[in-house]
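Coming up is one lone chain in structure tokens, specifically the form predicted on its own.
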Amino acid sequence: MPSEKDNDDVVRVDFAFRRELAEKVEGNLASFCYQCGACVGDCPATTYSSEFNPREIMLKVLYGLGDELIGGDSILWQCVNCYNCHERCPQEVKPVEVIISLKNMMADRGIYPPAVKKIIHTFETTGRTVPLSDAINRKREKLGLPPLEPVPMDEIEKLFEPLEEEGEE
């Protein structure tokens, strides 16, 4: 007969979290991960961080442990989006795409590190992720590149407008 302690070791899959992730682009691919670890071999974030491990992230996704992945101090932001894990995955799970989907879920909740928040603010106000500076202009001129054209902010602002629901006019 199982003891009460045995029940504490049972992991309950959070299917609501898994469904939410599946609604994101490529978020449903996590279901095909069989935990081989190929994604870890060439991961630069794993090389330089003792905390980041794409295989462990995928395992937490499989178990639906969203609370451990989505939070203010999430390790997901350590992913450099190099796509090495995608290239190595024998199941074509695209761990990087799953991680990007998780980052998007955090962004939907307003959870991102200060550096990302700064980039978002810069983009919303200038249309660029890096503000234009004299140093950038000098470098472009030195490389024989034309000056950057002004960003059409009216088009950028349209991207932030809420989508109209189908059937509304």
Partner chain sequence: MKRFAFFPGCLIPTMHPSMEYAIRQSLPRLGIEIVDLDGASCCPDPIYFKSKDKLSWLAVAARNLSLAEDLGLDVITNCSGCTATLSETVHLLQDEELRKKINRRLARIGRKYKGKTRVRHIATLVRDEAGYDAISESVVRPLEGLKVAIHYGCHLLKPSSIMQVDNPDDPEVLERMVTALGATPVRHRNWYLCCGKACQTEEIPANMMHDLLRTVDAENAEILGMICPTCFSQFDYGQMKISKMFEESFGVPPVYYFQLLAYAQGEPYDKLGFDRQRFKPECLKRFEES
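So that the term is clear: the rigid core is the largest set of C-alpha atoms that superpose within 1.5 Å between two forms. Residue numbers count along the first chain shown, from 1. Since this is a predicted model, take the numbers as computed values, not measurements.
The same protein also exists as the form predicted together with its partner chain; that form is not shown, yet it is the one meant from here on.
Asks: Within 4.5 Å of its partner chain in the model of the complex - does that hold for a heavy atom of every one of Phe15, Arg19 and Gly66?
Replies: No, the whole trio is out of contact, none within 4.5 Å by any heavy atom.
Asks: Verify the contact flag for Val10: yes if a non-hydrogen atom of it lies within 4.5 Å of a non-hydrogen atom of its partner chain in the model of the complex, no if not.
Replies: No, Val10 sits far enough from its partner chain in the model of the complex that none of its heavy atoms falls within 4.5 Å.
Asks: Please determine whether Ile100 contacts its partner chain in the model of the complex, using a 4.5 Å cut-off between heavy atoms.
Replies: Ile100: yes, in contact with its partner chain in the model of the complex.
Asks: May I ask you to state whether Asn104 is within 4.5 Å of its partner chain in the model of the complex, using heavy atom distances?
Replies: Asn104 belongs to the contact set for its partner chain.
Asks: Can any non-hydrogen atom of Ser31 be found within 4.5 angstroms of its partner chain in the model of the complex?
Replies: Judged by the heavy-atom cut-off of 4.5 Å, Ser31 is well away from its partner chain in the model of the complex.
Asks: For a quick check, can you give me the residues of 63-87 that have a heavy atom within 4.5 Å of its partner chain in the model of the complex?
Replies: The stretch touches the partner through Trp77, Gln78, Cys79, Val80, Asn81, Cys82, Tyr83, Asn84, His86, Glu87.
Asks: For Cys36, state whether the C-alpha moves by 2 Å or more between the shown form and the other one after rigid core superposition.
Replies: No; Cys36 is a residue whose C-alpha shifts by less than 2 Å between the shown form and the other one when the cores are overlaid.
Asks: After core superposition, I'd like to know whether Gly66 moves between the shown form and the other one (criterion: C-alpha shift of 2 angstroms or more).
Replies: Gly66 C-alpha, core-superposed: shift of less than 2 Å.
Asks: Fitting the rigid core first, would the Cα of Phe123 be found 2 Å or more away between the shown form and the other one?
Replies: Result for Phe123: yes, a 2 Å-plus shift.
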